[in-house]
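Consider the single chain below, provided in structure tokens and representing the form predicted alone.
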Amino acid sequence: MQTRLLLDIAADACPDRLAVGSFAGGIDFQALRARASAVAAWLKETQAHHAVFVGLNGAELPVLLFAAGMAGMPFVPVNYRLSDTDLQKLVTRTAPGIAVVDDDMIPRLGVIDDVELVSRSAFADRFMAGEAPALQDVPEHENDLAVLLFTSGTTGDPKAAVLRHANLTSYVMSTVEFLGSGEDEAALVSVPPYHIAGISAILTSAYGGRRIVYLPAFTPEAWVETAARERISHAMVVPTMLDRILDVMEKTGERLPALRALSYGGGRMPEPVIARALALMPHVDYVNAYGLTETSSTIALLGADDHRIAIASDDPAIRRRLGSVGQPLPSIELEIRREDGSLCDPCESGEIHVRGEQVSGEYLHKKAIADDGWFATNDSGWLDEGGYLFVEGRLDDVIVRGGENISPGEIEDVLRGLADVADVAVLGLPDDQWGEKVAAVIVSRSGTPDVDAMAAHVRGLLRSTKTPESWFFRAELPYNETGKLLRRVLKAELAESA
């Protein structure tokens, strides 16, 4: 099934329902399909093999995504936050291609052979302005590549993750009820266009019949103001965003009564943050979603009832599930495996493996999925006795001290329990005796942290080998725009200074 069909059936069923934009200036599903078909016809006239997007969020994004699907070419949103050199390298790899680029970003790209650069303003004038054009007949195609998403490239050149139409449509149709959204529902999207959550938001909203409202660039003030003005019912954030949003809401007194569901993911959610959200907005259903680019988005969910049960429980085993990512989707098989491939016991850490139709596990020119369909995520985690998944982080981040594997996340969770710890990162630094030693980087609320008390707290709940031997303090920790802690950047800086 092609992704274009998700829009086709929505446009046939509810043509006049708003699909993208504000109450005042939004476009409906009928117009969204018509504009996408016009762009698809234009794309097919070019010699391009890829439809590229370099820019901020906006209505042009879903139009171009669906148009690329109609035209039979992959949609490639590129990270505009990269350096000019790295940005140019990625766009060069899409040749022959056609790239819609924010006007102020075009000078950063220069001239790229076999890639036609089209300014966003010119694209908008031609395809987004005025009355919607007549629906154009764009024949279905055989190309099954739907989206290419470049990885972050922290260990070399970025790889292009392949998402096929079958992967994406399988995810959408197994998790979303067709037209299950009411006409009053709207989703606020603030994740960047080049993130899998941004792609899945477009496809799931179209199939569910929910309006999308874009926030071009995140600030907590703009997020709260937009959510209130547009009566947002659904939103997705990352943990660092939620913490700042709650600060604004406490300051302004805004409680967002229209908000019904808030999903979060992309990083570990500190328990104090989600507990504060539950207290501040008890009318909201909270969902923790865990997924990867290679799995076409979500593969496990901690649902609203799970949140409420965990926060109210006196049972430590139930309460700790607030820090889990819930249970695998019914359409997903999930296993935790040891290094030798055998299955881990409950509560035993290992590598997370997944299998299912939505799982791509593929990069351009490289297959990363086993012949039997299983994909090794490179994430460390464990399942409790009830089948709840706890993600500890990337296997590359595991600290190896004297032959013992130590999870940074376990120590971070303990340190977050201290009132003076606003944020924390735990990592391994080179050590002549043990190979690596445990180091903690703390953001202190008081500005006068008590290292001895912190060390004693960790030692009392864990053990001495997991107690940080080196302590560092910063005003803030480095995160990328999707809320992931830049642990390797921090590790490199500390190792160099040491």
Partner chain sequence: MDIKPGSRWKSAVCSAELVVVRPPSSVGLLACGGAEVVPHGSESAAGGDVHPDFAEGVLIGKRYTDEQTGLEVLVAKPGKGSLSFDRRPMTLKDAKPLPASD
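Numbering follows the first chain given and starts at 1. Owing to the predicted nature of the structure, the values given are computational and were not obtained by experimental measurement.
What comes next is about the form predicted together with its partner chain, which does not appear here.
Although its partner chain is omitted here, in the predicted bound form none of T226, E271 and K484 has a heavy atom within 4.5 Å of it.
Residue contact check for S349: none of its heavy atoms lie within 4.5 Å of its partner chain in the predicted bound form. When its partner chain is considered in the predicted bound form, T92 lies well away from it, no heavy atom lying within 4.5 Å.
Of the heavy atoms in R321, none are within 4.5 Å of its partner chain in the predicted bound form. Proximity of A492 to its partner chain in the predicted bound form: non-hydrogen atoms within 4.5 Å are absent; the residue sits far from the partner. A heavy atom within 4.5 Å of its partner chain in the predicted bound form is found for exactly one of S380, S360, T298, T240: T298. Out of the listed residues I411, A201, A99, A186, A201 is the one that sits within 4.5 Å of its partner chain in the predicted bound form by at least one heavy atom. The stretch among 290-298, 420-428, 340-348, 362-370 whose residues place heavy atoms within 4.5 Å of its partner chain in the predicted bound form is 290-298. Residues from 1-30 that approach its partner chain in the predicted bound form with a non-hydrogen atom closer than or equal to 4.5 Å are M1, L5, D8, I9, D12, A13, in the order they occur in the chain.
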